[in-house]
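In structure tokens, one chain follows: the form predicted on its own.
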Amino acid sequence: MTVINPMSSEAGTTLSPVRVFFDQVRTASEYVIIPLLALAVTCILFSGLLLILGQSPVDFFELLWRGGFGTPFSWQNTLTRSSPLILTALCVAIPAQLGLVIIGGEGALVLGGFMAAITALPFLGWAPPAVVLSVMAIAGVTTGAVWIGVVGALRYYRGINETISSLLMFYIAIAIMNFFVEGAFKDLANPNKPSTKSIGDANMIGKIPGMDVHWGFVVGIAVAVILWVLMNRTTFGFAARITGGNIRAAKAQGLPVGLLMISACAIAGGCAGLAGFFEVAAIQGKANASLAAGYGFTGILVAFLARQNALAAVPFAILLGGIAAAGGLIQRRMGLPDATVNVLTGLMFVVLLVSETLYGRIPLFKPRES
């Protein structure tokens, strides 16, 4: 049996450490360059659409930059919007390590936020804010974990496609929230817009000192770091990647595939539920239809742009948050609908899916042969 040294080629020629390093950089660079190329193609295609509408692409992208990143106010608006995007992107990225495509994180966010809001009601008026917020966070995370964890269980034990089941459960989550918000938990003092009772200003999460951004952004980054360590530096993450690579091989090696799937989905759902908690405790103050703002679906795009990497999800979430934050400015200055930025993100998602076919096919990113 011939043993091939990792520092040598098949012909037996020893490769220098510098050569090995540059080959690794060459291979890894495609995971940065191809998404950037997809973004550039998206801008070109969208510019063509703007020209057809008689609008200036230069003005559009200038306003996009100004509304998302051009001023301190726009930066704070962007960071506020990126907080739930980080967490919903993790809801997609973590199960993807096991080959699971979860697109129903919006349902876990909505239901997690709703449960956080109604769980706080019995504690209002007598419990300190720290207790109220702790109970709300536990309720939101637990609800999201159970909701998406069921998707993993259905996938493993019943063979039900997780993409379809998670999407259908999103509609069930919306129906559950609407049923109770318009019924048993409706705030009678606000009949025009059905919602739960407010948790009160005293129980709202404050802002980061010196910024108009709530602490959910910091928590989102911390969770991303923790989950990156979990998936890349622990035996759980190693077993998850083996399962995602070849489920039959994982079973043959005796790995608890079912437990891994359910655990990964529960972690993912917990992230989305945590996003729902922050939407209630830091922004809305109550649960209503505003919870379904589309963060869960935009998080899918963030996760794809980040190549399912928990750390890379943070900058891409900020990018998509900035695009969303600029919608109002574009509407006022150019007369375009506020949903124009949604068209841009939708086009970006399509181009990104097409760009997936380029990985491993471009000779520039392949190690040079000896």
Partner chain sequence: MAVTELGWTGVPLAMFAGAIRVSTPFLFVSLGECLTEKSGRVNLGLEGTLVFGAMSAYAIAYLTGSPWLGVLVAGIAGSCFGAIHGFISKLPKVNDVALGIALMMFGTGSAFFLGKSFIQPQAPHLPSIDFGFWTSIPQLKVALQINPLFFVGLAIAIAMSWMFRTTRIGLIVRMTGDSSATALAMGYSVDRVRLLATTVGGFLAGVGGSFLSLYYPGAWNEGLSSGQGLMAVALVIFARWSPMMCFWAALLFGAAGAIGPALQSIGISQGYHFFNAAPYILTLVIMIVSISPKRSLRGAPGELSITR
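Numbering follows the first chain given and starts at 1. Predicted, not measured: the structure shown is a model, and the values here were computed from it.
One more form of this protein, predicted in complex with its partner chain, exists but is not displayed; see below.
When its partner chain is considered in the predicted bound form, only one residue from V58, I44, L36, A339 comes within 4.5 Å through any heavy atom, namely A339. With the partner omitted here, the residue from V343, V32, L311, A40 that has a non-hydrogen atom within 4.5 angstroms of its partner chain in the predicted bound form is V343. The stretch among 295-303, 110-118, 137-145, 124-132 whose residues place heavy atoms within 4.5 Å of its partner chain in the predicted bound form is 295-303. Contact annotation for Y171: at least one heavy atom lies within 4.5 Å of its partner chain in the predicted bound form. Residue contact check for S165: one or more of its heavy atoms lie within 4.5 Å of its partner chain in the predicted bound form. Although the partner is absent from this view, W215 stays clear of its partner chain in the predicted bound form, with no non-hydrogen atom inside 4.5 angstroms. Using a 4.5 angstroms threshold between heavy atoms, A222 stays clear of its partner chain in the predicted bound form. Heavy atoms closer than or equal to 4.5 Å to its partner chain in the predicted bound form belong, across 90-118, to the residues V101, I103, ordered by sequence position.
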